[in-house]
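Taking the form predicted alone, here's one chain by itself in structure tokens.
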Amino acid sequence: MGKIKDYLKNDIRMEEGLVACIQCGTCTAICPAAEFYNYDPRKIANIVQSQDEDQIEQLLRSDTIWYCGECMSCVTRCPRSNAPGMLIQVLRAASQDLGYFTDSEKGRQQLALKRTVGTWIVEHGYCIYPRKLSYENHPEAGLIWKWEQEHLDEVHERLGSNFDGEGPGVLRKIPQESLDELQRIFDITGATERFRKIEEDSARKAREMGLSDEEYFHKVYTENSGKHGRDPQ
């Protein structure tokens, strides 16, 4: 077998997520992502079921697998109990581990997610940590939000949160013991190694594109080709 098929075969989610697709299209009909993006979970299930190595590799190198919102609406409607959303999880993992994610605009955004949500969870215990949010990366939020970012402590004091404070309360400081446990979870499950791989492959892609690390990060964080919307019928 090829390396991609071997990879997929060894992931239990593939066995759980694909029983026997009959190509009825119910998953696509119910899928919110399919309504807005060039995304068809029925076709993805068909490609995976075909075990065509070349077509699966094309998927791993494409934007397509990054459109799914993992709402799992597909599971609730499939007459054969398939889970296309679970197949997407496996394909995304394969794309990251095999280094194919850097070949698509949406795939390259994995670096931005790793350095924001992923890193913030490990370092601060929150998927969104207000002190690390940058107005420069979110100009669409507007000037009021910019002011709020510049006056975070004052805003949170007025709101009554315990922002970065000891003890209980909203946005409290997470104890180091809990953060250490989170880190161990990431280490044991392979997430830490995947983070390292994302950084390594992204650095390689940045060099190929002639960009510095800072330039590459800003590009993947803000770039949108505008070509991801659903094709007119």
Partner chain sequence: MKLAGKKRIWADYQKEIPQDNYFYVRSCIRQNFFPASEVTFLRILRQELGKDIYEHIHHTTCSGIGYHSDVIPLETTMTVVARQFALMTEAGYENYACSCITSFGLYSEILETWKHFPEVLEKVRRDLKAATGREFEVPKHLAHASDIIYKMRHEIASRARYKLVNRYTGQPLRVVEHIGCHYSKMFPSKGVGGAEYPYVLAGMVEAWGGEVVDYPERRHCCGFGFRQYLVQANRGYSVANTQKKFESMAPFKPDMIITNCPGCPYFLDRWQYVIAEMEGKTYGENGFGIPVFTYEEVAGLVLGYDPWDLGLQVHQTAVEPILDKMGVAYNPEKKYLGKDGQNLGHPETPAYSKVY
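So that the term is clear: the rigid core is the largest set of C-alpha atoms that superpose within 1.5 Å between two forms. Numbering follows the first chain given and starts at 1. Keep in mind that what you see is a predicted model, and the values were worked out from it rather than measured.
Keep in mind that the form predicted in complex with its partner chain is missing from the display, and what follows is about it.
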{"query": "Heavy atom of each of 16, 75 and 89 within 4.5 Å of its partner chain in the predicted complex", "finding": "yes"}
{"query": "Contact of residue 60 with its partner chain in the predicted complex (heavy atom, 4.5 Å)", "finding": "no"}
{"query": "Proximity of residue 20 to its partner chain in the predicted complex, heavy atoms at 4.5 Å", "finding": "no"}
{"query": "Exercise: residue 68 in contact with its partner chain in the predicted complex, heavy atom 4.5 Å", "finding": "yes"}
{"query": "is_contact(residue 221, its partner chain) in the predicted complex, heavy atom dist at most 4.5 Å", "finding": "yes"}
{"query": "Within 148 to 168, the residues that have a heavy atom no more than 4.5 Å from its partner chain in the predicted complex", "finding": "148, 151, 154, 155, 156, 157, 158, 159, 160, 161, 167, 168"}
{"query": "Rigid core fit then residue 134 CA moved by 2 Å or more between the shown form and the other one", "finding": "yes"}
{"query": "Cα displacement of residue 190 between the shown form and the other one reaching 2 Å, rigid core superposed", "finding": "no"}
